[in-house]
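One chain follows as structure tokens, the form predicted alone.
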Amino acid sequence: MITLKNVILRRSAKKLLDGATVNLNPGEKVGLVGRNGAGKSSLFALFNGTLHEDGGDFYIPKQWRMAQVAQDMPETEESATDFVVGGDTRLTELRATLAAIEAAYAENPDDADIGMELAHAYTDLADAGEHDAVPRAQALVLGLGFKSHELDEPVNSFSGGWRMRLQLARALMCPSDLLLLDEPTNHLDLDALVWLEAWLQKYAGTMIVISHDREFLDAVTDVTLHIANAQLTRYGGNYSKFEDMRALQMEQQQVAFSKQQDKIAHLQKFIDRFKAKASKAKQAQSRVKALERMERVAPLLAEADFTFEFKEPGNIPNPMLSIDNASFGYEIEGEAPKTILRGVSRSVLAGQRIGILGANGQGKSTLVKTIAREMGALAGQVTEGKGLNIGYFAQQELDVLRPQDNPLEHMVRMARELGSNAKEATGEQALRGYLGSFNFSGDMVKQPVGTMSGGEKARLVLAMMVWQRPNLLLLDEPTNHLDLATREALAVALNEFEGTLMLVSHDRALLRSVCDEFWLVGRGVVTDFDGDLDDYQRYLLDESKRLREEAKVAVREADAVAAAAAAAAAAAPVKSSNTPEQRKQDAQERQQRSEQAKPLKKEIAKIDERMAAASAERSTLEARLAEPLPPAEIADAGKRLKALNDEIAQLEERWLALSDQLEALAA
């Protein structure tokens, strides 16, 4: 059990927790929610030991193993599979222990104690899942959206978002009693998100997750921990139940506060009226004491919700744009263009609200960037309606922001670039006021963007978009760094937007609330998706099954082609010469090669036979070591197991060498 009792937690001068008390039970799946800056990440730091309480008592079982996603970008030439296997800290420790014992055993092979340690080490490794570590790691990597051919690619070959997926897989690989996840969905698309939900639902330990995705929280949590006003409040249930209970609690608090205020006013009125009368002084004094003893109900402090709205577009062309037999992709200097999407023929009409679905890497961002004029079409035509004004939210905010500039400089520059087309006041004071409506107040307007949080950058991009009064919104993962309240504000603003919307997002709540239709990007084409998000999740599962079956078929076909080629080579007639002497010489060479191959084949057959016997004996020994045995037998079994492993390794090396010799003779 994790226990906080009257905990005080500070970060610099700010008090994040003030007398917080809560218990979290083993096996609970906890969603940690609260406004950005309320202290969620600092509470995680308390859980993982990088921060310590400034007061009160904090307890977490010392024997618990903890796993969390490392926030640093991994830099390594390790393969994706090996990197994730390394996340199994128990396995890593046991491998190091085994290596040390093997070194000691090599120096003292007759030491019974070392032999017993060796046997125990092999048993511990087997119990820790050494035999299936690679398949387990690869299942995690594939589940998070990687392709099978990428399993052996070096980590450094992947982009930042994909490397962070590997960090997530590495954390999931770690055997743990407590799993801490801070925004695990930020770098995932919907198919990987659906897979992660299923995995976490089966996780047996205690989990605490910070997320601003309400559907994800609803799917994986059964307790909600709310941090606000330096206090922690526990609610039984997922995020939706928390919202209902909190709304009821706030309503009850407001009613209780109002009733108490009425009572206080009544008492105070009596005191003021009769305190000067001797006959009523005693009653007035008792009411003064009643007021002093009264435990005050706190007033309901309304949280300053962030709200905004899109201005009415100046004009709305129809169609907004038309795409005719276009190919989208990338121009690569010195190489042929890389085409991602082909034969795209679509129209975008006024008032459409389109959700763009598809797995990462299928071309969603390529489609959006081309429409946003960030890239040109490789072929075909993209025709814009007259007066089209695009508001573009890039998946990576820094694609449209300058890290060294502050919000005010961004607004001033944009106002100058728009020139006479600007519909808003462009003076510095007016722009400051406008930024203030997006919670950029005071000195924040002069703060370099590069030092801001992801949520603050996202709000700045939204502010710049709204100011331009677009009639077509292109939003590529706009919610990645937004808290739940800001996501709600975005959904409200988008629903009231009078122009056309095209949205790429893994936030299913946002997609459900603002989109009327869906396009599916995949297999190099863009098609209509006839269904809702529940249908899409079923489609993802079917697609995953189809890809697995295709991979199996491809392996079988490759094996069949290789076998056919080998058979054809074996059956191919030997080219004969026109002269009897040449034919005789060819026959002698074939006979010579056959004679040379006989001992090699004979030795390979013996090695196969011995390897089968040794492998069977090893399996028997491993099974014995899993049972309680006397120390002497454990030592003997450990020695024998070590000898068998060494022998099998030598046999495999010899088998490969003989096979190479046979291939050379055949050639």
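A residue's number is simply how far along the shown sequence it sits, counting from 1. Predicted model, so just to flag it, every value in this text is computed and none were measured. Between two forms, the rigid core is defined as the largest C-alpha subset superposing within 1.5 Å.
Quick note: we don't show the form predicted in complex with a small molecule, though the next part is all about it.
Taking a 4.5 Å heavy atom cutoff to the small molecule in the model of the complex, the contact residue among E183, D124, E150, E543 is E183.
In terms of contact with the small molecule in the model of the complex, the residue from A38, I607, A614, L46 that brings a heavy atom within 4.5 Å is A38. Of the candidate stretches 19-27, 639-647, 655-663, 6-14, only 6-14 has residues whose heavy atoms lie within 4.5 Å of the small molecule in the model of the complex. Taking non-hydrogen atoms only, E456 approaches the small molecule to within 4.5 angstroms in the model of the complex. Taking non-hydrogen atoms only, Q68 never approaches the small molecule to within 4.5 angstroms in the model of the complex. In the model of the complex, none of the heavy atoms of N360 sits within 4.5 Å of a heavy atom of the small molecule.
Proximity of H212 to the small molecule in the model of the complex falls within the 4.5 Å heavy atom cutoff.
Taking the rigid core as fixed, one finds a CA shift for P407 of 2 Å or more between this form and the one not shown.
Superposition of the core reveals a Cα shift of 2 Å or more for L460 between this form and the one not shown. Once both forms are fitted on their rigid core, the CA atom of Q261 lies less than 2 Å apart between this form and the one not shown.
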